[in-house]
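Below, in structure tokens: the form predicted on its own, a single chain.
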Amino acid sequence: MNDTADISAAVTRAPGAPVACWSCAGPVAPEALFCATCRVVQPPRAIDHFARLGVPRGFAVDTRALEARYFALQRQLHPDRFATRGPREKAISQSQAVSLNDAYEALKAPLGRAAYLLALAGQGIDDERTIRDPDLLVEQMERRETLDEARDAAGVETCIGAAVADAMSIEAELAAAFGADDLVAARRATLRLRYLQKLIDEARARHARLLGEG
């Protein structure tokens, strides 16, 4: 099963549909960390990353609020809180912590958030190993050529600045595309951003090497 199918298959339960506590069998919201009845930690349920972190599903996310929410939830799962608990509760708390970390890592950056939203909609980009869009191919070749022609740290820094500005523009396109539920435009913009981010990472690594050689 590919990554998109894995994500789609995992999100099978509506966030508000209650599940049974493994300890007391009482009703528990699937996104809850603890049972409201017996206060025992709950295993991570089959819900999407947005529900797990308690934020609305969408591209436009308040990243500061997302970060604050993530750390607040992780504090509730700190190992010190489970020092006197049994092996099962300790293991479940660790599993919850891993699931929250995975959710935060997927949503904290625009590229990861866009890719995840597309995967939820069955439009994953993980299988895109080559550029099939001629315009996108030309665009990336021109960017690569510009970077290759930069001979010193200052030139590479200029390339980085231009690429970062372009990335911000693409992020605005993504916000508009997802806001209009235009998955075709969102998918193309996500692919553009993925290749651009790769270029930025390579350019920053080259910039660091050039500074080290200077």
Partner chain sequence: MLLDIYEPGETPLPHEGDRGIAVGIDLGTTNSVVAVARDGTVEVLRDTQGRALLPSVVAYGDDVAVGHDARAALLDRPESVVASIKRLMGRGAEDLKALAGVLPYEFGPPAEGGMARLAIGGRLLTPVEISADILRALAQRARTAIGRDIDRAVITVPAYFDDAARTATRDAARLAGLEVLRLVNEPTAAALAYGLDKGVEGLYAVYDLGGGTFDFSLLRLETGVFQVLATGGDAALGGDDIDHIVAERMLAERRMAGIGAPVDARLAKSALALARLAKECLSAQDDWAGTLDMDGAPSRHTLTRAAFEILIDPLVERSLRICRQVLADAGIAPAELAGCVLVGGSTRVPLVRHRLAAFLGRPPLSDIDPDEVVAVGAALQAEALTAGSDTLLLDVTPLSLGIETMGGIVEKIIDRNTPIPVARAQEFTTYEDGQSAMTIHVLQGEREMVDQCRSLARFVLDGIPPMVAGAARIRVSFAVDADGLLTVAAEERMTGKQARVEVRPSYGLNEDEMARMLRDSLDNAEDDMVVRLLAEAKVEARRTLNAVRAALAADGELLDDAERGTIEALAAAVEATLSGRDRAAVAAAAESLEAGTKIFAERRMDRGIRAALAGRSIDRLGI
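Because the structure is predicted, anything quoted here is derived from the model rather than measured. Residue numbers count along the first chain shown, from 1. Definition used throughout: the rigid core is the maximal C-alpha set that superposes within 1.5 Å between two forms.
Form predicted in complex with its partner chain: not shown, discussed below.
K.L.:
Please run the contact check for Glu89 against its partner chain in the predicted bound form: heavy atoms, 4.5 angstroms, yes or no?
P.N.:
Glu89: yes, in contact with its partner chain in the predicted bound form.
K.L.:
If we define contact as a non-hydrogen atom of the residue within 4.5 angstroms of the partner, is Pro30 a contact of its partner chain in the predicted bound form?
P.N.:
Yes, Pro30 lies within 4.5 Å of its partner chain in the predicted bound form.
K.L.:
Given that the partner is absent here, does Ala36 sit within 4.5 Å of its partner chain in the predicted bound form, heavy atoms only?
P.N.:
It does: once its partner chain is placed as it appears in the predicted bound form, Ala36 has a heavy atom within 4.5 Å of it.
K.L.:
Can you tell me whether Leu111 touches its partner chain? I mean in the predicted bound form, with a 4.5 angstroms heavy atom cut-off.
P.N.:
Contact check for Leu111: no, nothing within 4.5 Å of its partner chain in the predicted bound form.
K.L.:
Should the three residues Gly26, Ala97 and Asn101 be counted as contacting its partner chain in the predicted bound form, with contact defined as a heavy atom within 4.5 Å for each?
P.N.:
Checking in the predicted bound form: Gly26, Ala97 and Asn101 are all within 4.5 Å of its partner chain.
K.L.:
I need the one stretch from 148 to 156, 176 to 184, 39 to 47, 162 to 170 whose residues put non-hydrogen atoms within 4.5 angstroms of its partner chain in the predicted bound form.
P.N.:
Residues of 39 to 47 come within 4.5 Å of the partner.
K.L.:
Is the C-alpha displacement of Tyr104 equal to or greater than 2 Å between this form and the one not shown once the rigid core has been superposed?
P.N.:
Result for Tyr104: no, shift under 2 Å.
K.L.:
So, does Val28 move by 2 Å or more at the CA between this form and the one not shown, with the core held fixed?
P.N.:
Comparing forms between this form and the one not shown, the Val28 CA shifts at least 2 Å.
K.L.:
Just say closer or farther for the C-alpha distance from Asp102 to Asp80 in the predicted bound form, relative to the shown form; it changes by 3 Å or more.
P.N.:
Nearer in the predicted bound form, by 3 Å or more.
K.L.:
With a shift of at least 3 angstroms, figure out whether the C-alpha spacing between Lys108 and Asp80 grows or shrinks in the predicted bound form: closer or farther?
P.N.:
Those two alpha carbons end up closer in the predicted bound form.
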